[in-house]
Every structure is written in C-alpha cells, then in structure tokens.
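Take a look at this one chain, the form predicted on its own, written out in structure tokens.
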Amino acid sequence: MNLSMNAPALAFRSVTAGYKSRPVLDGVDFTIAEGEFVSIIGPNGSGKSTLLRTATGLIRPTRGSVGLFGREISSLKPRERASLIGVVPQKLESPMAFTVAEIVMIGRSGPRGRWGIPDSRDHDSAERAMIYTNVLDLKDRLFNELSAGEQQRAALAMALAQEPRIIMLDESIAHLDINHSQEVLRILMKLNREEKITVLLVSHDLNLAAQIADRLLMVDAGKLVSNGSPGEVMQEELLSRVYGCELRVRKDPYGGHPVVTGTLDAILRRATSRQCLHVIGGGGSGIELFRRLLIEGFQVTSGVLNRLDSDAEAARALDIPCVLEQPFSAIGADSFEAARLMVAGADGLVVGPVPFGPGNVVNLELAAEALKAGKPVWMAADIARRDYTLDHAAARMAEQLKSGGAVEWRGIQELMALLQHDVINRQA
C-alpha cells in the first residue's frame, strides 16, 4: 500500500454525499493533518455522522473525493482501510455471543489478514488495549451482557487493538460515566500526543470538544460553516444561530479554553411572561414559532389560517386560539374581523416566514392595524421573495410596515433575542 508520508491524514474535496436520493453533505471541504486532534460539532441532524461514515468509506460521495493519507479512499480495499482507520461507533452491535476478548481480537483481523491465526503480537496488542480501556477484567464476559458504558469501552479497545493511524469516534463516550470518559479521553490524548495518531471525534459536548481538540469543524445542514481553533469557532453569535438557542461563551479561568453556557439560569429566575402575541403564519411557517413562544412563556393566538393547513393543525394540537377560514378559500370579511379583534387583545404581532398570495395577503393589514394601535410588530424578512400576488401587494405592504416601525427578523434565534429585549425586559 503506497501512502504519502507528507499527505494529510484526511482530505475532503468538495464532497457531496448522502443516502440514495437524499443528499446530506453539501460541498464539504477540509483537510486534517496527521497527528491532529479534531472534533466535529453541530446540532442533531446536521450531518456529523454522515461525514464520519463518508470518511471511513462506508458512504461514497456523489460528487467530490475523499483522500486518506494521500490515497483515494475508494481505491483502498477493506483490509487496507482497516489497517489505517479504527472506528468506534455510537453503538457496536454483536449479532453473535462473542466475549469481550473475542470482540477486541476482531480488531486484529486487519493486521493479520482474514484467515490468519492470532500470534503473540496480536494477543499483546489486544491485551494492551483492554488494559488501557479498563475492560481486561471483563474479557470473558459476553459482550451483549455488558452495560452501555462497558460496551463502549470494549469497542474502543477493539479500535485500539488495530493500531490504526487514525481513530474516528462517533459520540463514543456519551454512555460513559465521568470517571471512564475522562480515562478514555486521556488515552486518546496520550496516543495523539505521543504516537501522533490522528483523532477525529464527533461530539455533542461543546465544552469537552473545546477542551481537548486542536481544531473544531462545525457542521450545520450538511455544510461546513466554521473550521478553526476552539477560540475561533466558539463565537456566541455563530453558536446561537447554528444551535437555535441563546448561548453564552466565556473563557475557562484555568485552561483558557472557551466554555459554552445557555441562558437557562436567567430564564428560571425570570417571571413567566403574561404577554400575548398574535402569529400570522400558514403552510407550516408558524409551527416553530408556536413551539418557541410557548416555551418562552408567551400566550399565543393565530390566524387567519385555512382549515387543514399544517399550522392550523398545530394550533389545534397546542390549544392555541385561532381564527380559521374554509380550506383553499380566500380570507373572508367575517374571518378577518374575528382576527382583528384577536389582534386587538394581543400585546404584539409576529409575522412568520409565510408566502403571501391573493388569498391571504389581507393578513398583513392585521399587522398594520397593530402598529396603528401602538403594538410592536416583528416581521420575517424578505417578504418580497415570498410575494406571489400579481401586483406585488405583499412587498408594498411590507415596506409600509417597516416605515411604520415594524422590526424585521432573520431566523428564530434573532426573533427570540428581539422579544427578550422588547417585551420581556419591558416587564422587569
């Protein structure tokens, strides 16, 4: 196997990849040098595990290429990949009644070949890996009878027994107690620092990732949105936008690494909001608004919505008072009047990222009436891009609303910050 000693351990070149017709990764570019300790972070469903599966060759890119130590990973045989990459999955499945020792010895199948008989070196490597991960006393236990944490340590021992040049872990310490998670991290850091083994760790724990990694790759919606040192990536605005919640970043006084915290403490100390906000939505654009506003303690009303609309169904499920119109019908005078009275009883109005056409553009008149009554209005930006009226009526009305004092927002997190400033702090 001809590998370049100067090539990066892992290189993604404009990689697009996913599952059958569903792409997950979109044009991902990065390189990892041999001996780096890199952590992949990002919210659930962002593509972290897909990235790792692509890096191991389990998923082939539909566009772009993946390089492993200077070789295209698609050109490497499974045995060659196994000699280079040790993988610790979220959960290791064992369909047969293997003992821990047998599971760990599977890690030696790459170095010795499929039908090779384990020799003294194989046994030494397996035993060393079990000692490192503190599973030697479990070696005769059946793997499937172990606890989740014990299974994860055994899986790590199997990967270490391979003696790979790069170890990839997919949330592999999530089931460990604090003692064993610290031990596993010390093992990885020792191998990384002393033996220059490259480590690629997927983690939901932002603080742990910032503490141990040389570099962070932040993935969101299949795209690599940030690539740099923990200090460069752990920025409040970026984290809050990507994770969809308000986050704070401070520097650890001992290690100097960034520490991320939420605002839950302040929320718990804050009196529950009694403010009522009326939401103009439709077509599913209001569901996330409903959820977040209710969690923040607001009372919520909505309408006018068409019956059977997904927002109308969500409002019914959440017991949100809502003015409804017949399916596929334009908003009539009676429905508009009912919604106008509902807005009159609200403390403010939120216009969601809803498309506007001839049938529902009249809803923007509700926002205009709220402004005239001195109520705050927060309006999702770029209404002109969602204007399907023949005479661009929605775009014109949006400009009038902005001139009248409506505040635009882009993204749910920005809206929550505006509400906290404009509504919640007003109560203090």
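Residue numbers here begin at 1 and follow the sequence given. What you see is a predicted model, and the numbers here were worked out from it, not measured in a lab.
Separately, the form predicted together with a small molecule exists; it is not shown, and the next lines address it.
Checking 406, 419, 24, 9 against the small molecule in the model of the complex, a heavy atom within 4.5 Å turns up for just one residue: 24.
Checking 56, 360, 50, 39 for any heavy atom within 4.5 Å of the small molecule in the model of the complex turns up a single hit: 50. Checking 39-47, 378-386, 65-73, 391-399 against the small molecule in the model of the complex, the stretch whose residues place heavy atoms within 4.5 Å of it is 39-47.
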